[in-house]
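Just the one chain here, laid out as structure tokens, in the form predicted alone.
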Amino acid sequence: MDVAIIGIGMHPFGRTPARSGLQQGAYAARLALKDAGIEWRDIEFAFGGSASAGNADALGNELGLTGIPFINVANGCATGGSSLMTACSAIRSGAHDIGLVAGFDKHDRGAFNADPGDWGLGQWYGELGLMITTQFFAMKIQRYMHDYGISENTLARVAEKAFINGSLNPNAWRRTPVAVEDIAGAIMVNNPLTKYMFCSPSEGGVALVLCRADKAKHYCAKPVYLKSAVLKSRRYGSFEVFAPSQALQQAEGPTVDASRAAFEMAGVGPRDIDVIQLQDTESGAEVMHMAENGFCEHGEQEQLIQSGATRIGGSMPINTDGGCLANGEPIGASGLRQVYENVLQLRGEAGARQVPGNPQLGYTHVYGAPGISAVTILQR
């Protein structure tokens, strides 16, 4: 049984001191319900997640206590993708006809501060500074740049594009373009990544209303169909966030596995995709994920990014809403933000950042610790 997205809602990302993370999630949920033309009492089930702002099922306190099964999901940066995949399964199984997926968060200022013990690691891992993920991402992109000829200017170009796209997005946190020279010359956080090449923990909420595809037109004039939703975890030998060592024999990461499975499920290939949202925790992640998701060969990113192919008007538009770099990352909402953006794009409702050419297929990819990747493919 196919699944359709019939309603979307989003609370602006960034900092909203007057509103809790839960309230931001409820704001997004109300917009999604309104978009679908239904009431909260029409929802049969819900899945949702939040890393720092309480249990997602507490949305019932804001929206109404109707007795529905509301299940909390926690899966790091892939929380949104995990919630969506699970909700799809609930509908495809025939157990439910219509449901809500929600994610929200309100993180403290500064870097994420994870405890090694929570990830099955000894305290020595944190004492060496390896829990600071900026170091992991810098080490990984350094090697990748060496192996495949990626320049530091290309890393700066990724961030430049993100801030340009964010300036066109009323829900983005960072809405001021930053010159590529300023990005490249900014204070270094972990070589080769400067402060403008990293996303920041932030706040925000996103909600989606899903239903059986054969009932979608009853609710929505422009339903968007979920052709695939896949989640994969790491295999032995892949080098991922919080990996305590590198295996002698390297294996492909969870993104490669999730991407291949999603394309197979949807019956399409990378060349069929019109608009792409990739995890860009930092500039290097977007570069590497372009190849890991099958959109180019390793090393081809240098020419593609420098030529403008990944910009909104290019042949491979990536992170059209500004991605994590411009929006920040509220963990529970981040993966759902990508889906929200693709629904807008496929409806033709993305405004100043609309991808030209009447896009038909959208792709989202989210990646998180300790090596989890979720991919969706959407079709109008």
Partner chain sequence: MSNRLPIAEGLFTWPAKKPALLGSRCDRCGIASFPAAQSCMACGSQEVTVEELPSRGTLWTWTVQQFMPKSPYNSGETPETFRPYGVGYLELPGGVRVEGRLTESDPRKLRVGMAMDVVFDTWRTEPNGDEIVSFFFQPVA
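It should be emphasised that the depicted structure is a prediction, and the values quoted were computed from it without experimental measurement. Numbering follows the first chain given and starts at 1.
There is another form of this protein, the form predicted together with its partner chain, and it is not shown here; the text below is about that form.
Practice item. Report yes if all three of P116, Q135 and S245 come within 4.5 Å of its partner chain in the predicted complex by some heavy atom, otherwise no. Key: Looking in the predicted complex, the three residues P116, Q135 and S245 all sit within 4.5 Å of its partner chain (heavy atoms).
Exercise for review: Could you confirm whether A221 comes within 4.5 Å of its partner chain in the predicted complex, counting heavy atoms only?
Suggested key: Heavy-atom contact with its partner chain at 4.5 Å: absent for A221.
Review point. Given that the partner is absent here, does Q123 sit within 4.5 Å of its partner chain in the predicted complex, heavy atoms only?
Key: Flag for Q123 set to yes.
Check your understanding: For G129, is any heavy atom within 4.5 Å of its partner chain in the predicted complex, or not?
Key -> Taking the distances in the predicted complex, the answer for G129 is yes, it comes within 4.5 Å of its partner chain.
Check your understanding: Quick one: does G110 come within 4.5 Å of its partner chain in the predicted complex, counting heavy atoms only?
Key -> Residue-level check for G110: yes, a contact with its partner chain.
Review point. Counting only heavy atoms and a 4.5 Å cutoff, which of 153-161, 234-242, 282-290, 67-75 contacts its partner chain in the predicted complex?
Key: It is the stretch 234-242.
Exercise for review: Name the single residue among A261, M188, A179, A95 that comes within 4.5 Å of its partner chain in the predicted complex, judging by heavy atoms.
Suggested key: Of the listed residues, the single hit is M188.
Practice item. Identify which of Q306, S167, Q142, S89 has a heavy atom within 4.5 Å of its partner chain in the predicted complex; exactly one of them does. Key: After the contact test, the surviving option is Q142.
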